[in-house]
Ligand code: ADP
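Before any questions on binding or motion, here is one chain by itself as structure tokens, the form predicted on its own.
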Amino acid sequence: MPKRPATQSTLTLDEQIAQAEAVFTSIGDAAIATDQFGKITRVNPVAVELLGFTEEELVGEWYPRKVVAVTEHNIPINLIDRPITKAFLTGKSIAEKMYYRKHDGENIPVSVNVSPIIMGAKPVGAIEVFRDISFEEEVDRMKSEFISLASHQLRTPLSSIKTYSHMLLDGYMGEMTPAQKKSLRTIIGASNRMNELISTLLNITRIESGRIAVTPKNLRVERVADEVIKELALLAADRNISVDLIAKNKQGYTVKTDTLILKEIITNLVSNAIKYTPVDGTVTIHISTRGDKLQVSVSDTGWGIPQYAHDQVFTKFFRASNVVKRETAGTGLGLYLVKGLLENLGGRIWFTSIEGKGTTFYFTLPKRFNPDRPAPKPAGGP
């Protein structure tokens, strides 16, 4: 009879250690193992090659100090925000993207996945696997540049379509029949939606390429919100939805931030609330202060967001299945854009939602914009 392969229980301790070492060494991506104190205990050849250190320079060192993690703007990431710390604190695997500083000082984009090693319900170490995503980042950059170029080129013919459609509708080229006017209104409505999509795509490419210019000045937030309500009045009236503003401070709510960006944020949140709320519903904008920050919430009595979709709400092109069936005219880009714009203003956003009952989006902004302070990492709650 052929000899059966040795099982784990029949291997000696030395053989088990050698087997674990072989498995770790053969991992295709870069891998680093640490103990419960964050000290590096093992590195594989891919990690050594990618980071530019020798194995001797890494093993025995405190991982967060030896392998420096930074943002795309070369700002060091706090220890508490690093995936390895989150894995230890939560006992769960953590996946994120960031930049690692190599031995020669070059920063490379990496995709990181950290898994804690649990023994007796207690983390005793962690294994971090990461890979260089420079190629993927370059592809994304090229995609963004293409979208930006295409969007700019689309604006010129779209402007002509809108101009001549309005001229026809207003009778500059002769009287039109009711049926012709109805068709022109459909054309104008479609061109307006296309223009909104182009503006959204351009804003997203600016965010992703770091070209969003923030021009801060003192403004009254309730006045910006009131302008948004007036501009969206027809959209709300079509669905018989009331849009209310609650701002209890009689002195007003003043912040120093970018007016146009703030207006874009509020417009996206309120228009979404109107679109995804059934007829005769209510949308409420509430402005308040929260310590040294301003807080704005937009609540609706709409269809809500299914629980399964909560962690995907701010991703690009995502639309929950319960709204796709009812509202087909959407791109799934609005909340992705809002999140990016808020981060450029130093703010953050989160939400609460119950499917079938409604949703409330909250965002906070510093009362004074600080261009030197990195945007806080978004979180799922207050």
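Just so it is clear, the model here is predicted, and its values are computed rather than measured. Throughout, we count residues from 1 along the sequence that is shown.
What comes next is about the form predicted together with adenosine-5'-diphosphate (ADP), which is not displayed.
Annotated contacts: Asn272, Phe318 and Thr331 all touch adenosine-5'-diphosphate (ADP) in the predicted bound form [non-hydrogen atom within 4.5 angstroms]. In the predicted bound form, no heavy atom of Leu345 sits within 4.5 Å of adenosine-5'-diphosphate (ADP).
Interface membership of Tyr276, defined by any non-hydrogen atom within 4.5 Å of adenosine-5'-diphosphate (ADP) in the predicted bound form, is confirmed. adenosine-5'-diphosphate (ADP) is not drawn, but in the predicted bound form it has no heavy atom within 4.5 Å of Thr364. Using a 4.5 angstroms threshold between heavy atoms, Leu50 stays clear of adenosine-5'-diphosphate (ADP) in the predicted bound form. Screening 238 to 246, 113 to 121, 257 to 265, 303 to 311 for residues having heavy atoms within 4.5 Å of adenosine-5'-diphosphate (ADP) in the predicted bound form returns a single hit, 303 to 311. Among Leu335, Ala30, Ile349, Leu58, the residue placing a heavy atom within 4.5 Å of adenosine-5'-diphosphate (ADP) in the predicted bound form is Leu335.
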